[in-house]
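Shown next as structure tokens: one chain only, the form predicted alone.
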Amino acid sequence: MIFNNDNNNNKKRSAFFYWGIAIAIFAILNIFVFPSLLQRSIKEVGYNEFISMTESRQIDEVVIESDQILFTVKNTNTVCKTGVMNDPDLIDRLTKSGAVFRAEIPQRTSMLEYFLISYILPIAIFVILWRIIAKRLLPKMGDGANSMMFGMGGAKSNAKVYVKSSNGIKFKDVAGEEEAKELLQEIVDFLHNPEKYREIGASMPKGALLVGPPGTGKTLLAKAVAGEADVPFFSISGSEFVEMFVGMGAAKVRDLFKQAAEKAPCIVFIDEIDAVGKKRDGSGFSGNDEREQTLNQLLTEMDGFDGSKGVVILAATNRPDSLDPALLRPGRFDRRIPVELPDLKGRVDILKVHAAKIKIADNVDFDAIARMAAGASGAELANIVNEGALRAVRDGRRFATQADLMESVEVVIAGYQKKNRILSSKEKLIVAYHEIGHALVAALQTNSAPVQKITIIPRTSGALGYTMQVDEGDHYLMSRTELENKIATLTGGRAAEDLIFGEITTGASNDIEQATKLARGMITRYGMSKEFGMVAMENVQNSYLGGDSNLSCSPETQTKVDKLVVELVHREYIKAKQLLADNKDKLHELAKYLYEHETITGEEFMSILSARRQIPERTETVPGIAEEVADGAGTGTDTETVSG
């Protein structure tokens, strides 16, 4: 169950919105209401009554106009009017009654009334409007001496408060991150039983930083802590501290830690802390003073609170390299908890957790699915299970099968099948040879992952086909031979096109990109070249977000690196082309089989490859395939090799 300190059920408006409404109301009152209040009321009387009042000397001031007579009554300050009649003695009677003739009668009220209506009433209305606005803005504004106009003083932190819930997320709902759960369980245990830690003199870390790639479950782990801990749990995003006005972010930090101190023991979780905790400018000049003030306040607050009271700070980021060193030192974030991509066992556990939420067949092999989804994050595995359930519904089944989940892995990797894209027979043939080139080079080399599936059905990712290789288990180290074999496999598609058609197409663009990246990494990062040896010439930043790299060497060295990369990729390309040339008959046989069936499994591929003679066709031979091969002309589009 979630409670929000700021009553976010009502839609929040900015202070400028309410002030705009107040100014509009005041302008309307000033234009239409106040002038009418200041006007003296005019009473209409009959002419006979006017004559009677004249004879009784009740007329004070009088104005005779062409169409009416205006006059005031003595001792009442009342303005009256009557119509004009043909009365030649009117002027004499008015003169004898003591009436005073005027050019006009002032229609304004007395000075006291004018002062009350012009000054006191607007101020009273302004105060009322201010009190209404202050109540609406109370969640955003501070109170007491820190309050400022427009809510720029004691800003609230907008933190959500989680309390214990019987149906909330628990540690049992988080799979594949056993080490992280163990470290967080220790924090929860400290909050439940602090005495056993105090007896030995141990103190719990003030802060724990969860680091890892996107989708690995950092926020999910924090929510699991909320479900396990019987203490208040404050959750806020780092971006919520960054405001347009200088000082607002720092005020939110102060308010957050003030609330945490009041409700200790408790847990404070700051998601995406890199939004506010980036490294400060070393030159002392920063383009964002608000962010630096917020960071400085966060550093001060983390130093100031007493950890023995049970206030624990949790934070999550996928950019730990960008955080300020002062934020990471012991005493602030003492513990760094890695939340990495799950291994094979972790992927199996995650699949089972999410599969428990849907109806599946009894014979589903989660181990096979987990091997196909090597390198997938927890979020991607959850998406795989959901896509499998959606596929079962589309096909009219009441439960998901092994085939549904296997197909959903391909959907996550390469996208949906693009049914409206129909290739010409020549393009289809080129793609078939391209993909068989990948698979055949991989199968003819040692230390290569087995081929799981080959398809030439276009996908929504832009791939016209792909070859899937799946390792038997997880590998954390790759030798130089394995990397060279992988580069050769990536060049196998282009080598097959060149060997068979004598022409190359655009279909190898993704293969070229991956091969170049691997070759450059071998030379600049892994020390696998004789020329440079164990010298790093490339720095990787944001390793959890794709790993942006920067060369840190002279221009002359960069030229040598480029030359070595070209030589390495070319050498592996020649090796791949030679392997295909030596097994040209199998290349034709496999390409023909793939052309006819569009998709073949790893078992079918190995059966054809290992057979001494051509196995019987399942379908009739496509007419003209020999002529297509002999022509060797055509262009292709993007194809890609997908490795598990």
Ligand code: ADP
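Sequential numbering from 1, following the sequence displayed. Because the structure is a prediction, the values reported are computed rather than measured.
The form predicted together with adenosine-5'-diphosphate is left out here; the points below concern that form.
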| item | value |
| --- | --- |
| Contact check for 184, 188 and 310 against adenosine-5'-diphosphate in the predicted bound form, heavy atom at 4.5 Å | no |
| One stretch from 432 to 440, 400 to 408, 219 to 227, 490 to 498 that, in the predicted bound form, holds residues within 4.5 Å of adenosine-5'-diphosphate by heavy atom | 219 to 227 |
| Among the candidates 276, 454, 350, 314, the residue which, in the predicted bound form, approaches adenosine-5'-diphosphate to within 4.5 Å (heavy atoms) | 350 |
| Listed residue that, although adenosine-5'-diphosphate is not shown, lies within 4.5 Å of it in the predicted bound form (heavy atoms), from 132, 379, 574, 358 | 379 |
| Non-hydrogen atom contact residue 482 with adenosine-5'-diphosphate in the predicted bound form at 4.5 angstroms | no |
| Residue 371: touches adenosine-5'-diphosphate in the predicted bound form, heavy atom cutoff 4.5 angstroms | no |
| adenosine-5'-diphosphate contact in the predicted bound form: residue 555, any heavy atom under 4.5 Å | no |
| 4.5 angstroms heavy atom contact with adenosine-5'-diphosphate in the predicted bound form for residue 173 | yes |
| Contact set, 326 to 342 vs adenosine-5'-diphosphate in the predicted bound form - heavy atom within 4.5 angstroms | none |
